[in-house]
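In the block that follows, a single chain appears as structure tokens, in the form predicted alone.
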């Protein structure tokens, strides 16, 4: 009898061991690394988490996405984008700012004062123009999934209040590594200084640079009010953002999983836009409460001064230069 009981127990153990790899706790078939460059309080992170949640749920756990915020996978967004090409990053959530260095036609969205409001922005990004620009990533080892946002960019500095163009002259301002942005600031008499975002707070703290320019959510969640006194709501450039997957990863997916990635990205992007809107509306008051002086300068002189930037860079868009006029026309509808 003891022998029979022992045999049954051993048989049950063997069955459990055999079945273990097929239980709900089994390892995913595909594990991916998603990187972004900002703190977890930023709207990018909320969008990244939503994308992770949706993909993992819709694939029944067959795909797992681990989110690495705050430059854990690289020192800045350009590094993360290069990581997509090199295979060290699988999914990128972040700004299009450095993308002009990979595909010139992404500079289309960097022209100053191009968009009048967010309705204008998304009629472009969610329409044929936006989808065309996303499709260009295929030739760069990337696959664009959806457009998110970072909001309109605004100027902060530690030196003086900004009421008009003369007030920005002579300031040393950190910018992204984007030649259209840099040309805009040079035109306005500013000294633009490209710098990895991870270095900016210390540079502001030490006075190496006078200021920087970013959307409101970034200014607040990065606690720039601790090292910057003045905020000017210049809204000089809208900062689109993207969910991008490495092309090698996307091409390896089944048709079912490709559709899941695309649908999840669209849903996550809409959610992220809502989060960003809410932050943008609330954080201006929060910045004031934390001691920042906020000004709303007349933008017409800024727009007039920046017209030469259009002439300088239109040619860089090649056969797509006409899209610039289409975007301007859409804003007048």
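Residue numbers count along the first chain shown, from 1. Please read these numbers as outputs of a predicted model, since none were measured by experiment.
Although it is not shown, the form predicted in complex with a small molecule is what the next lines describe.
- Item | is_contact(residue 156, the small molecule) in the predicted bound form, heavy atom dist at most 4.5 Å | Judged by the heavy-atom cut-off of 4.5 Å, residue 156 is well away from the small molecule in the predicted bound form.
- Check whether residue 38 has any heavy atom within 4.5 Å of a heavy atom of the small molecule in the predicted bound form, and answer yes or no. Because a heavy atom of residue 38 falls inside 4.5 Å of the small molecule in the predicted bound form, the answer is yes.
- Query: Going by a heavy atom distance of 4.5 Å, is residue 225 a contact of the small molecule in the predicted bound form?
  - Reply: Residue 225: no contact with the small molecule in the predicted bound form.
- Message: Whether residue 77 contacts the small molecule in the predicted bound form should be assessed with a 4.5 Å heavy atom distance threshold; does it?
- Response: Answer yes; at least one heavy atom of residue 77 falls within 4.5 Å of the small molecule in the predicted bound form.
- in the predicted bound form, segment of 138 to 146, 243 to 251, 256 to 264, 168 to 176 with a heavy atom within 4.5 Å of the small molecule: Result of the contact check: 168 to 176.
- Task: State yes only if every one of 44, 95 and 197 has a non-hydrogen atom within 4.5 Å of the small molecule in the predicted bound form; otherwise state no.
- Result: All three within 4.5 Å in the predicted bound form.
- the small molecule isn't shown here, but in the predicted bound form which of 218, 231, 91, 237 has a heavy atom within 4.5 Å of it? Comparing distances to the small molecule in the predicted bound form, the residue within 4.5 Å is 218.
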